[in-house]
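Take a look at this single chain in structure tokens; it is the form predicted on its own.
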Amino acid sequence: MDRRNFAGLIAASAILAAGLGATPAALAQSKQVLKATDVHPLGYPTVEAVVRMGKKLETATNGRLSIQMYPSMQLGGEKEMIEQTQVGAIQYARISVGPMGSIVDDLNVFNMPFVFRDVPHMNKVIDGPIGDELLKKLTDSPTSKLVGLCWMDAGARSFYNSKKPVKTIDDLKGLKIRMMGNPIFVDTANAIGANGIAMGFDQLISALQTGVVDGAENNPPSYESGKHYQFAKYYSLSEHLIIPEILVFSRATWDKMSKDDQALLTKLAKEAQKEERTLWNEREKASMAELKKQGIEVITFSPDEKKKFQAAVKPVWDKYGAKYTALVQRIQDVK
């Protein structure tokens, strides 16, 4: 059975269960396995943080609540993960903010190129009032069907390709670069001279192998753990996007849970936000070491060259940024 059929079977089961009309009181007395999913493999920081959270949850509830992790795109790519979570087939999904911008528009502010000065700046923003407000907007949205639990670090994204070392912005011209399925990202790639192609993460390996794309962009752990370096050995540290990730929970399941269980899940998620960051920092160092061991050419840009990237994406800001002006100012004011 392929993963899409498997995901559909899970969805059908969840919908059937929902139709039985279980009450919060009944659910509180029965054991419940909460399904979680991620595109990344076991051991990856976001996956490991949720696995550890599951162990804490099981301990805190004496086994009444537990988490079953389905890593490595077992239940589909991020698009399928979102859809399955919305209908209650999956309870937890770790999603990049990239595709979440189409669900709650204000989340797109985090998808703008160079909106953060660096990763520590991003972390201060998501740890503070702005991060809390955007999680609440997602949770309170009448159409999202999701609960925003916490943020997770995903470092900075940079370009990699199979054709040539990219040492200047001009070297990107004409390269077919996979971007996440958000118009902001495609326009960002196009603004710097590349040919941005929207594509799911689950399709990328095949696209690299067949030459549908020349490369992509991502953080070091994703580039390394996904083995993309086997097909695209030039990694250029543009750090053009610093996009946090978000752990969401199914509203369909959430509304059937007791207030105490909701509070417990919220508490453990906030703990996972901090724990994942430690795991991330460790994994990022390990990934860079592994890339060098594999002989990957890692290229850094001078400050002057970085400024050329920032100048090149002005059309993206002109097109999308005006409605986020006040929020961007608040982000920039975070020290």
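Everything numeric in this text was worked out from a predicted model, so none of it was measured. Numbering starts at 1 and follows the sequence shown.
Same protein, other form: the form predicted together with a small molecule, not shown, and the subject of what follows.
- The partner is absent here, but in the model of the complex a heavy atom of 96, alone among 158, 84, 96, 108, sits within 4.5 Å of the small molecule.
- Just one of 224, 214, 245, 80 comes within 4.5 Å of the small molecule in the model of the complex, counting any heavy atom, and that one is 245.
- The stretch among 111 to 119, 173 to 181, 134 to 142, 189 to 197 whose residues place heavy atoms within 4.5 Å of the small molecule in the model of the complex is 173 to 181.
- Of the heavy atoms in residue 39, some are within 4.5 Å of the small molecule in the model of the complex.
- When the small molecule is considered in the model of the complex, residue 250 lies well away from it, no heavy atom lying within 4.5 Å.
- At least one heavy atom of residue 218 is located within 4.5 Å of the small molecule in the model of the complex.
- Using a 4.5 Å cutoff between non-hydrogen atoms, residue 235 does not count as a contact of the small molecule in the model of the complex.
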